[in-house]
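A lone chain, given as structure tokens: the form predicted alone.
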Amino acid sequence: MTKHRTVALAAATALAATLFAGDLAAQDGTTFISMGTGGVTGVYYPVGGSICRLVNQNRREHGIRCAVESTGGSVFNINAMRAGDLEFGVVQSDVQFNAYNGEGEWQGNPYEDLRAVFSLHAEPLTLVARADSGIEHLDDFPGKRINIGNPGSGQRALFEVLMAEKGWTASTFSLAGELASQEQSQALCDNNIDAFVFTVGHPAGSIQEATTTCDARIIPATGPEVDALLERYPYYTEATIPGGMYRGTDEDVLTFGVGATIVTRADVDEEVVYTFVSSIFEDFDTFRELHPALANLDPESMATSGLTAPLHPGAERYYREQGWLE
């Protein structure tokens, strides 16, 4: 069995176990919800765990139990929700836009039952290269061994957009790897790849792993093609990765990126979504302390910015009660 089939089987098994647990929980009056995130070394997984922790702390009162699932990332989460295997998912803002509007991965096949819940942290496209790779700029990538990300991940989707803008294909690189996010740092330090791409909030454990285990640095993602993407698509924004955050990168690094968002299905019960949202915002100070990527979040902006799918009625009701929506 190939590695990709093994990963797919493991993900399917985890989701099947979640659904089975949900059936058991329903027998005692508990509503079981599952949230797809990303790789365990990224930011989605611990942020998802933080969200579920706040939902679950009052589960005896509201009867909802939240479980976090490590998955292949944004595209996987959308497809799993569409199949009815997840109630919630963490996805990049561009993936949310494309799925709802039937563009990109979902060209001509819009997911009209996708609903927005709230936005989260910024996620810059982060290019990490070995110090001895000869890579100093984005234009040094051709001919190198690059991990472009696993199919179904948000970083793969974003980097493919950038590749198309620059006229690159997989054959542009001497290797176009498809490792999952949790595998790429070790591959870099084992000298199996020269660089990897990651769309992630900062600080990120996998970036810290790469830059402390071996000599690596963060590469800027700038140029006329990036400028064109920023002008064309409203969900892309300029971003800066602060200097000194990671070993080997002392100066600020300019790049661009998206935002992380929480989405759900239109058929998820309104009271469930309302309780899910209120569990976060009623204990917001605690939420912001649960992960460094959440530290600067603003509640009203989370409810009103970076969301392209329609708000779920449960989320909309809570936001109107707070006066965040007209």
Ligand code: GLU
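The shown structure was predicted, so the numbers you read here are calculated from the model rather than taken from an experiment. One-based numbering along the sequence shown.
One more form of this protein exists, namely the form predicted in complex with glutamic acid (GLU); it is left out here, but the text below deals with it.
If you check glutamic acid (GLU) in the predicted complex, you find a heavy atom from every one of 72, 92 and 199 within 4.5 Å.
Only one of the listed residues (153, 96, 126, 185) places a non-hydrogen atom within 4.5 angstroms of glutamic acid (GLU) in the predicted complex, and that residue is 153.
In plain terms, the part of the chain that comes close to glutamic acid (GLU) in the predicted complex, with a heavy atom within 4.5 Å, is 199-207 out of 186-194, 140-148, 249-257, 199-207. Taking the partner from the other structure, glutamic acid (GLU) in the predicted complex has a heavy atom within 4.5 Å of a heavy atom of residue 38.
When glutamic acid (GLU) is considered in the predicted complex, residue 48 lies well away from it, no heavy atom lying within 4.5 Å. For the stretch 41-71, the set of residues having any non-hydrogen atom within 4.5 angstroms of glutamic acid (GLU) in the predicted complex comprises 42, 43, 44, in sequence order.
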